[in-house]
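What follows is a single chain, given as structure tokens, in the form predicted on its own.
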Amino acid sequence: MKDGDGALMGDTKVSATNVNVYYGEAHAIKDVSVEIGDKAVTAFIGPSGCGKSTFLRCINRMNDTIDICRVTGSILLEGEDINAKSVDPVQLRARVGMVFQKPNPFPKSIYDNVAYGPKIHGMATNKPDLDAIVESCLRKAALWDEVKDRLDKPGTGLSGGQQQRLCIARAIATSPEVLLMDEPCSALDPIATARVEELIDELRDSFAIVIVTHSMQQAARVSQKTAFFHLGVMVEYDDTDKIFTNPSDKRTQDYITGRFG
């Protein structure tokens, strides 16, 4: 893997310490501590229901939207406690973008999907500035050439793979520092998946990217670091090469070799 030795990876962007998540009485995440590097892709793998998506959603406080959910421990973004009372979750989500499993474009035009975030966060004061942001983000999402002549058409009219790239363009339009991706390719065909994987590899030059994936092959292809989750515990976290070729924990080995999961 590129940067597999960690030498070229950026500084720590997100630092989590002793994070626990409870849904009512259920203890979903147990004492997870991890440091996520800047300008690199970190993959979370593990069987369904192991807590990887729940932990991902701690990083932009999406769990705040679930009444029975309680999060303890510390998560720092650039040294700032994201759960501090002074932190506005809306502003946090501008800094920590998210792409979901199923493409979910807004019921608006392609242009307005990308322009929405910069508009509400006051990042563009006039139409030319907004036009420039929209074009730049669609280019970064490898979508501009396919949609530049129909920016006023609904985003929902695009193919599944195009919709997911539109959602990536929308997520990066607020110039986030971190990009979270929750199984971004699981609803896509192999060709669209390959396009998104290429895109992830390009975008990591600009962002800290965290991807939850059920595909170990995908984790091996796109990430520099991999964390293996099992039953709410982060069993192992290391360079992706090491996780897949020489894991330290027998549970990781058993999962990777298909003995369970």
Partner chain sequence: MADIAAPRRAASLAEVTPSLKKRRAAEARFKAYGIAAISVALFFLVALLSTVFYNGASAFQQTSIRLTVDLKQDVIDPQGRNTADAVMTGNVFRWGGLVDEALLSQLGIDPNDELLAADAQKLISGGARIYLRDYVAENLDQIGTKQEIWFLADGVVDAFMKGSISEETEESRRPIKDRQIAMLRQLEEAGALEKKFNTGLFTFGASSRAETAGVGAAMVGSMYMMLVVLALALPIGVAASIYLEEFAPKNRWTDLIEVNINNLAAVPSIVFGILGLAVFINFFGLPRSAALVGGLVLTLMTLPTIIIATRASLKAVPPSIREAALGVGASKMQAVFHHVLPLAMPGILTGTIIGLAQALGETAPLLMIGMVAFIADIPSGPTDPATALPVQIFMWANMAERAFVERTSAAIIVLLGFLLIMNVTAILLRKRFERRW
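Residue numbers count along the first chain shown, from 1. Just so it is clear, the model here is predicted, and its values are computed rather than measured.
This next part talks about the form predicted in complex with its partner chain, which is not shown.
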(request) Verify the flagged residues M62, H121 and R170 against its partner chain in the predicted bound form: is each one within 4.5 Å by a non-hydrogen atom? (result) yes
(request) Look up in the predicted bound form whether P107 has a non-hydrogen atom within 4.5 angstroms of its partner chain, and give yes or no. (result) yes
(request) Considering only heavy atoms, tell me if Q162 and its partner chain come within 4.5 Å of each other in the predicted bound form. (result) no
(message) So, F100 and its partner chain: in the predicted bound form, are they within 4.5 Å at any heavy atom pair?
(response) yes
(request) Give a yes/no on whether V90 approaches its partner chain to within 4.5 Å in the predicted bound form, heavy atoms considered. (result) yes
(request) Heavy atom within 4.5 Å of its partner chain in the predicted bound form: which of L130, A94, L188, L76 fits that? Just give me the one. (result) A94
(request) Could you spot which one of R57, K39, R195, R221 gets a heavy atom to within 4.5 Å of its partner chain in the predicted bound form? (result) R57
(message) Quick check for you: of 143 to 151, 79 to 87, 170 to 178, 130 to 138, which stretch puts a non-hydrogen atom within 4.5 Å of its partner chain in the predicted bound form?
(response) 170 to 178
(request) Go through 131 to 166 residue by residue and record those having a heavy atom within 4.5 Å of its partner chain in the predicted bound form; state none if no residue qualifies. (result) T156, G157
